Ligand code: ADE
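Next comes just one chain, in structure tokens: the form predicted alone.
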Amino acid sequence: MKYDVKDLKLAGVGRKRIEWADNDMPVLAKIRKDFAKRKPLRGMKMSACLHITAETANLARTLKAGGADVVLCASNPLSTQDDVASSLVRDYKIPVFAIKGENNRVYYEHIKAAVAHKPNITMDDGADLVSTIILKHRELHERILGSMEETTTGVIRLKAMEKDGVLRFPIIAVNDAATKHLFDNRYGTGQSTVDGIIRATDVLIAGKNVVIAGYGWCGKGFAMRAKGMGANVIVTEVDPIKAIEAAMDGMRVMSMKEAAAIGDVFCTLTGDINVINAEHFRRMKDGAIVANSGHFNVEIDIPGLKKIAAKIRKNIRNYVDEYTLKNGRRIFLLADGRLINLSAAEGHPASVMDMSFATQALTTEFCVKNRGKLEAKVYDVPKFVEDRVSTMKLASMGIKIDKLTPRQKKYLSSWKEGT
């Protein structure tokens, strides 16, 4: 079995982390047990480009239990948990190509290894695997039944591919499922982003002006958590509807140019490029902390920051680089602008990833069952998958809800009854 991980001696610690996460992923565990009996993915070769975390490990175990031949590679150079990657190789016999801190060349070598698996199904977090296949591996286009996309940035890229007419196989936008973005993006990103910033800096959030770029589900989640910890939350937006929503949620809303001069902690969560640029850096106060929790590190204009810096000190703390500008002010950039919640912390808690990865697993089964029936476009997750996952999650939480009576169902489906 070919693989590339940091050190197999780390596997013992990794296995404990995988098992600990599994304790808080009851829905996925039930699906894994069902998959092991039915083998709905038998004969499928799968390549997954995901964050290699303990939670991802339990998804990989589930896919393998379903009969799939699974290979994993990292979807971000800093998001791999090396001990987990080692355990997947040693204890679960799942090939992994991922090392935390790998450079750009190695990152794409690992994606090439996942492509070399010649998959029937792919799974992405950011669409790097799919875009590589689309651009460089035409021989695989007809072979692939479908792909699942896990994050907002990836869905944006894939919809652009569909619009440009270059998409060659069906995509399921798992990120857009209610069982994913309403919980994973909001509560998972919200909590883990705060966690990553605090672990990297040990900063007190209370009383700080925390500037949040983007008020999508991830931005909302982070804003909610920062506000709850006593921060003065400032939101910057380009979407007028989201800006109004932020204002009515009690956040201060302004342009990044205005916010740059008063912010203490900045975090981008937009999926776009150069959200914080050189103009903004020049306006920041001494000691400003800048982080990103969007998928790619392009949200912060790091080349622009380097250009205006008079001095750069790398790694003054783990995941903290100090940039001294020509005006003498210092900017502290976290994790080289990469996902702070996965670089400096452990990513989303297992209990919220339980729903996301349960949705991933069942959507994979849906792709296999519907092979040849889906067009080369981006699809929503089927409602029956959403209903099954949410129902199982409620049951695992010991929560019961009401059911519509026949009379209520009839009323909701009729237009004849009014006042």
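Residue indices: 1-based, along the sequence shown. Note that the structure is predicted; figures quoted are calculated from it, not measured.
Unshown form predicted together with the ligand; subsequent notes refer to it.
Novice: Would you please decide whether T363 lies within 4.5 angstroms of the ligand in the model of the complex, comparing each non-hydrogen atom pair?
Specialist: Answer no; every heavy atom of T363 is more than 4.5 Å from the ligand in the model of the complex.
Novice: Find out whether any non-hydrogen atom of T56 is located within 4.5 angstroms of the ligand in the model of the complex, and reply yes or no.
Specialist: The answer is yes: T56 has a heavy atom within 4.5 Å of the ligand.
Novice: Hey, in the model of the complex, does G347 get a heavy atom within 4.5 angstroms of the ligand?
Specialist: Result yes; G347 sits at the interface with the ligand in the model of the complex.
Novice: Given that the partner is absent here, does R61 sit within 4.5 Å of the ligand in the model of the complex, heavy atoms only?
Specialist: Contact with the ligand, no.
Novice: Tell me, please, which stretch of 365-373, 47-55, 31-39, 390-398 lies within 4.5 angstroms of the ligand in the model of the complex when heavy atoms are compared?
Specialist: This holds for exactly one stretch, 47-55.
Novice: Counting any non-hydrogen atom inside 4.5 Å, which residue from V27, M353, V70, V385 sits next to the ligand in the model of the complex?
Specialist: Exactly one residue meets the criterion: M353.
Novice: Quick one: of A288, V235, A74, L342, which gets a non-hydrogen atom within 4.5 angstroms of the ligand in the model of the complex?
Specialist: The residue in contact is L342.
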